[in-house]
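For this one, two forms of the same chain are given in structure tokens, first as structure 1 and then as structure 2.
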Structure 1
Amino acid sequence: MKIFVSVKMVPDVSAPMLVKNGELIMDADRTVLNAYDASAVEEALVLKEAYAGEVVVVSVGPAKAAETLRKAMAMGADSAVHITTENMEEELLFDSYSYARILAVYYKDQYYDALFFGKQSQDTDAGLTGSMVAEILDIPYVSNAINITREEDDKFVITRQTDNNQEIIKTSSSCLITCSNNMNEPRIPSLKGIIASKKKRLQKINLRDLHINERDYKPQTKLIEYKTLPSRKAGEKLEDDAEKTSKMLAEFLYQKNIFQ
């Protein structure tokens, strides 16, 4: 069994940030492995330990993204692929479509039993890349998984969370699954794992070497500006005995056309 897990380096959302002149300013030095992707890595490792196989992590990003891949390998992934965007200014403008097109070009030539993605990234919360990759590759797709098992016929049984309940879906191999961060608690890399990760293979592929035309991954969305949330207006307090307060409240609701 071979599972590829797509991971993303994201800003640490717990770090201080501010909105200034329509731009979001974050600490560029504080980056982390996307939490949803960490859950996808953990689930792939659980399946590997249960059924044997190989876990490969893949990321598109600048040189610093290698740190994210090393962390995933320290967790237990066997190897990593870094599609580098060094010296490419347009990488700063990549959206979900851009990443999906790039990853799909890489995956179309790979053998895999499953592609795992986090259901969304914690910096934009868009949650679109996985579904786009599945559509481009024309492969089975299941979203928001909270449990994954593999049967003797090599098919996957996925429990996915919906808005109101859960669904259990059985799908063939060569599928794509997006993982919820509610499915597990990602393991913390041990010292042994960290040391071992430094010896594992990290393949670097320059984006230009994928021979994908820049037009094919041109962003389809444009960020106009960031704005801070407006401050909430102070509420009105009704302070009197219960009978007077209830009458005042009824009159207030009537004036606001709450009761028609």
Structure 2
Amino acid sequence: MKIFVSVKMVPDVSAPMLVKNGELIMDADRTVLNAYDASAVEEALVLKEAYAGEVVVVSVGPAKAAETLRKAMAMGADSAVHITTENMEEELLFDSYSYARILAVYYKDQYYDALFFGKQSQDTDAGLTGSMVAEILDIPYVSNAINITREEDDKFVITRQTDNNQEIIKTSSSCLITCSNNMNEPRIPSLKGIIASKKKRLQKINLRDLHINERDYKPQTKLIEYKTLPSRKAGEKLEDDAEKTSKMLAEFLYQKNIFQ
């Protein structure tokens, strides 16, 4: 069984940041493996351990994205493919559409049982790339998976979270699945894993060598500016014994017409 997992390098959103003159200034230049993609890698590894096979991680990004791929290999992925976008000024402006077009061109020529994606990027929350790739490749897909198992007839059975319930869906092989972080706790790479990852194969492909016309991955969306959130001011804070504060809260709710 061969599973490809698309992994994205994202800025560390937990770092302090500030918006100034329409620009976003991050305190540190730290980047991490997108949390949802870490869950996708974890799930692929669990399936590999159960059914044998191969897990390949794929990322489109600048030179630094190799670190993200190494991290996924340290977790246990067998090899990595890095589609490099070095020296491409537009790189910063790529959106989900651009990445989807590029990834689809790469996957089109691969053999796979499944393509795993994160359900969204932590930095943009866009949540588009997976279903775009599935549509471009015209393959079945299931989004927001919280559990994945494999059946004897080579089909996947996926539990997905919907708005108010969960669906159990059976889908054929050569499908695409987007993963929620609610399905597992991604393993922390062991020292052994980290050492082993250094010897694993990391294939570099220059985006220019991918036989894709620049016009075809031109971003749809353009960033105009960053802004600060309209602030929610901290309101009244009561610190007293429970008897008093509860009464005051009930009264407050009543004043605000909350009871109906």
Partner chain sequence: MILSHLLTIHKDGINRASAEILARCRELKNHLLKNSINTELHAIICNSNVSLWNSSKLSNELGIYGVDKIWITKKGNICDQNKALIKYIASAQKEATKKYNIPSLLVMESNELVKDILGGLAIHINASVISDVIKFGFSDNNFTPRKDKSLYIRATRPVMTSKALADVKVIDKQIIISLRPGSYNLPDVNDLETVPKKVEIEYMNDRLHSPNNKISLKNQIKQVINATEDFIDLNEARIIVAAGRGIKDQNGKTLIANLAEVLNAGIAASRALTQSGIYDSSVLVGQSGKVVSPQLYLAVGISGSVQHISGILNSKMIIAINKDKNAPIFDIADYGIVGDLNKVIPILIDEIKKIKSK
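This one's a predicted model, so the numbers in the text were calculated from it and none came from an experiment. Here the rigid core means the biggest group of C-alpha atoms that line up within 1.5 Å when the two forms are laid on top of each other. Numbering runs along the sequence of structure 1, starting at 1.
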If I had to pick the form predicted on its own out of these two, would it be 1 or 2? 1
Looking at the two forms, between structure 1 and structure 2, where is the hinge between the rigid parts? Pick from 164, 152, 21, 229. 229
Turn angle in ° for the smaller rigid piece between structure 1 and structure 2: 31
For residue 234, what C-alpha shift in Å is seen between structure 1 and structure 2 once the core is overlaid? 7.6
